[in-house]
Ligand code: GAL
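Below sits a lone chain in structure tokens, taken as the form predicted on its own.
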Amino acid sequence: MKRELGVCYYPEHWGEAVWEEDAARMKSLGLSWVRIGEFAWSRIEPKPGAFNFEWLDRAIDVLGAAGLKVVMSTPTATPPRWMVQKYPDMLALDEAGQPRRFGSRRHYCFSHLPYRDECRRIARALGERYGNNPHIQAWQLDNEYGCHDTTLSYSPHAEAGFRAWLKEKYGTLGALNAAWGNVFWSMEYATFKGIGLPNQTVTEPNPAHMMAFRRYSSDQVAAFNRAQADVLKSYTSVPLIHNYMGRITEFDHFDVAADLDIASWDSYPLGFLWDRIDTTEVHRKRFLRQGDPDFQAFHHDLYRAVGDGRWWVMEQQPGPVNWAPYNPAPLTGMARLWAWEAYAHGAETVCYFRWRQAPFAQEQMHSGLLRPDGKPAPAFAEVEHLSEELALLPDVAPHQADVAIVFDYPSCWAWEVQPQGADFHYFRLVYEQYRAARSLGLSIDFVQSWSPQIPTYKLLLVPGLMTMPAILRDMLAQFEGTSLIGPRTNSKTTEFSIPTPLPPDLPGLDCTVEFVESLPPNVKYQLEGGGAFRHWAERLTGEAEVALTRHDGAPAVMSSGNMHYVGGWPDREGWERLIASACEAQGIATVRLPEGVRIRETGRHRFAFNYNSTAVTLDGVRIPAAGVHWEDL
């Protein structure tokens, strides 16, 4: 499949006199795709029911005439002022009960059904007008679900919707009270109307109550997305896409993707280095202008799974952004490296955000491929070089890796509801395991806990999976590869109770977690032979083989054949030891890469990426700073 480049463009921000010149320059640069319209509701429908499509018609015609393919967007992330005046109760409420007011974006509650109907209406109007337009080759629905902490809303509409959801799920109050353990602290309910939202309680709310609300809230995102998807499918057969974000885990992306054709995400490596990654100041300083060497790849692999193999980068950082605590400029070469890394992980298209830097409003400090005056910004030349390379390189489609990690959004909600330690976060646990595997030169796939592909992998990593579905348990019983499971896996029921038998309750593994402890930052359990447990440790008992011990003699890993349960949170050295040993058992080659260097293998090529600010040598090949090297397999 041909790999392509694109850009995000806002014709409503610029006079029509520059549209043709912009389109011609985009095409000359080697761009194929242009995303438009995701924030333009006030220009498309200035007053209720009074549409102004003419300017949008002309913009689409100009872009299409230049040979560009258009991603048309529904503008539902930015309801206009008249919409809020029409439905003042459509605003989401935060946990403190304060409204998310007009004057920015994403100011709606997913549970507000009249607004959902308005979104169907605008999607229908756009579909009727542009569903058969040959220039429009894809649609984006909304923009960045969950961004700015907008998944959870504590509004009256959310409360009413939650009660209806609970009644459908549990049927009777007796079933709900029993499932939640509401006999504790006299929390039993006599009516469904008596059930409120789990906020503003004196101390922590019942975790089962909170978990149910998290599941409900995720379902609302999926339902909101489905409402628009169902409308547009009546008017177009081109792919439907949504652009997810980095480390946004408040809703189940797999559920949303069930109604879409392509997953995409918005990649901002330098911004994410400061506000999405748990790391040291030394690490941030080293990769200040390059971004973390694994964070982008992690999401490439995750969204490849979410999109069932089809995925894009819808927004790629080209220069300094405006929203992070600190906003340095990328090292020369990184705009090219980030794109090549995306292609190596299977991206069909990489779109840069944005074409021209805006001179006004909230994002005026966010750079683009052009400066506000229309002159090329530094990334322009890198994209020009990249487009020339893409024309020469054959297919870089990925193939299945030897190693898979189970990723589960409900597990993330569970450990946010009851972390049992300030440092315990599911994303961080999975990410550190992923980073250790990548530092050994491994390519990684993500899978869901019920994926039928699981038996085809040589190594399966299952960190922190709250509840193990029966299908995964059955697959593990027959799994011919090696599995590393834990910590904290299978430790709760779906209703957030401690199960019996006690965890991990794995087939053929006589191992029980007697108790758990969370560790402060200055406390570690050293592992025999190197590495340590930090953040989290479990007391393991049973007749299974003790494959690794802690320095105090307690079991750290207990095993049965090729199944291994990890009773703690290893540091980087510990994870690397465990993963390397598991790979050796399966004949998977590993290599300890230089710091900041990563490898990704596709069906035909082996790519190496140098995230360092200085050149490195790998297998006799010199890779320049912020450089990419590939070779045939």
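Residue numbers run from 1 along the displayed sequence. Please read all numbers here as calculations on a predicted model, not as lab measurements.
Only in words, not in the display: the form predicted in complex with this ligand, which the text now covers.
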>> Quick check on W450: any heavy atom within 4.5 Å of this ligand in the predicted bound form?
In response: no
>> Residue-level contact is defined here as any heavy atom of the residue lying within 4.5 Å of this ligand in the predicted bound form; does E363 satisfy this criterion?
In response: yes
> Hey, in the predicted bound form, does W323 get a heavy atom within 4.5 angstroms of this ligand?
Replying inline: yes
>> Whether N243 contacts this ligand in the predicted bound form should be assessed with a 4.5 Å heavy atom distance threshold; does it?
In response: yes
> Of D266, D292, E341, E382, which one comes within 4.5 Å of this ligand in the predicted bound form, counting heavy atoms only?
Replying inline: D266
>> Give me the residue from N143, S491, S483, S217 that has a heavy atom within 4.5 Å of this ligand in the predicted bound form.
In response: N143
> Which one, 315-323, 232-240, 536-544, 465-473, holds residues whose non-hydrogen atoms are within 4.5 Å of this ligand in the predicted bound form?
Replying inline: 315-323
> Within 96-126, which residues come within 4.5 Å of this ligand in the predicted bound form, counting heavy atoms only?
Replying inline: R105
